[in-house]
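Given next, in structure tokens, is a single chain: the form predicted on its own.
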């Protein structure tokens, strides 16, 4: 069997192992090492390569952002920043029809700006928002659908762990990717709010209202969110002002949220240890997947699959936009059965070189940013797409009495909003890139 044939068999084999419930990192690692051994015919060069691969992968300076952003999210949760954001948003919007649900979206967007993880954002906001939504008479479908959709803002609004991984895989600028995600993130939040406005009008009785608060109370609640703004300005502002590298900014953010949680007297020795252990556990899982992806990519490089596939696509003269649509459909389908990080690590090393040879009227750097944001959005849709949307299971488990089928039904309008936003961003790349052009 030729190396090229082995390479083409590698990806289906990884998927089979995943469906057999083998951990994604081990599946990619096993196929990568075994495939490289079959191609080289000896395990000695493979073991030597694996030793160097392990060091070079974990010595990547860019990957140090991941545990720091995870730790920042842990301390932000302990510091009660999520409840402050929700209370402020509800103070301004709660008296409107669907206003408490809109507040959940606004708070999710704010928390996503200091968290970087979709699952963490969904779980944290679920604890805060679901009891309030139930209190004011919101249906289980709208409540769980809103919080699940709002959670996806955690990986879109910078800082985003998935964007950091994409930048490492494709050698893109992390700061530019963060900037490119701003406008799509704002559009996502606006789209979700519009969905809620339409939902409560089309489905009578699905949402209630809370009392209108005086402006003095509203401003007091808003003032309590200053720690979130301070951390966001320090992290993101520090990056774009050239004061910090992304890694340094993540360290500043982690230290800042630690001090906020300490000032709120929500930290003790036990909670600090739990936060560090949760960060270490999540980091270990991510890094194992990254190492598995590196081994698989090394095997694919030996087999020449990415190079051959990219050359073939370039020679066929395919319409670039048709190829883009097919790739996005592929990601949408895969997102129904795989988590976002695994999907990015498994597919981007193959798909990105193939897409890079097509002419979308953009420079290589512009294409990398635009394509990265588009992929991130479609992956985000997968988090709330039945039957295996990770956010749906997390939120449904936090809402006793709400059937999973109700959560599915409640999230579908938000998925439709995501589809419209994706179409806009694909058709009009400047919507994603104009902020990058302006600042760079």
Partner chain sequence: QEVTLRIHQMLPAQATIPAQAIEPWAAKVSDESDGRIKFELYPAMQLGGAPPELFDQAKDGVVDIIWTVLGYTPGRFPKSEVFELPFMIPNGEVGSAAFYNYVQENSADEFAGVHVIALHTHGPGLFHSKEPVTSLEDLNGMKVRGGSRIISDMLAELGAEPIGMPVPQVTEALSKGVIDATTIPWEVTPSLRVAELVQNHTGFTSQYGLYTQTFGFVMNMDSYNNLPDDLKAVIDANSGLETSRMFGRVMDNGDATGLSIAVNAGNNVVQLDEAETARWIEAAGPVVDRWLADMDGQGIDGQSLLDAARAAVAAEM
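Here the structure is a predicted model, which is why all the values come from computation and not from measurement. Residue numbers count along the first chain shown, from 1.
The same protein also has a form predicted in complex with its partner chain, omitted here; what follows describes it.
Next item on the list: Please pick, from 311, 203, 301, 326, the one residue with any non-hydrogen atom lying within 4.5 angstroms of its partner chain in the predicted bound form.
Entry: Spelling it out, the residue with a heavy atom inside the cut-off is 301.
Notebook entry, point to check: Heavy atoms within 4.5 Å of its partner chain in the predicted bound form: which stretch among 92-100, 79-87, 224-232, 238-246?
Noted result: Residues of 238-246 come within 4.5 Å of the partner.
Notebook entry, point to check: Does the 4.5 Å heavy atom contact test between residue 49 and its partner chain in the predicted bound form come out positive?
Noted result: Flag for residue 49 set to yes.
Notebook entry, point to check: Counting only non-hydrogen atoms and a 4.5 angstroms cut-off, does residue 415 reach its partner chain in the predicted bound form?
Noted result: Output for residue 415 is no: heavy atoms all beyond 4.5 Å of its partner chain.
Next item on the list: Consider residue 40 of the chain shown here, and say whether it contacts its partner chain in the predicted bound form, taking contact as heavy atoms within 4.5 Å.
Entry: Judged by the heavy-atom cut-off of 4.5 Å, residue 40 is in contact with its partner chain in the predicted bound form.
Margin query: Given that its partner chain is not shown alongside this chain, does residue 399 nevertheless sit within 4.5 Å of it in the predicted bound form, heavy atom to heavy atom?
Written below: Output for residue 399 is no: heavy atoms all beyond 4.5 Å of its partner chain.
Check: Does every residue of 45, 173 and 297 put a non-hydrogen atom within 4.5 angstroms of its partner chain in the predicted bound form?
Finding: Result yes, every residue of the spot touches its partner chain.
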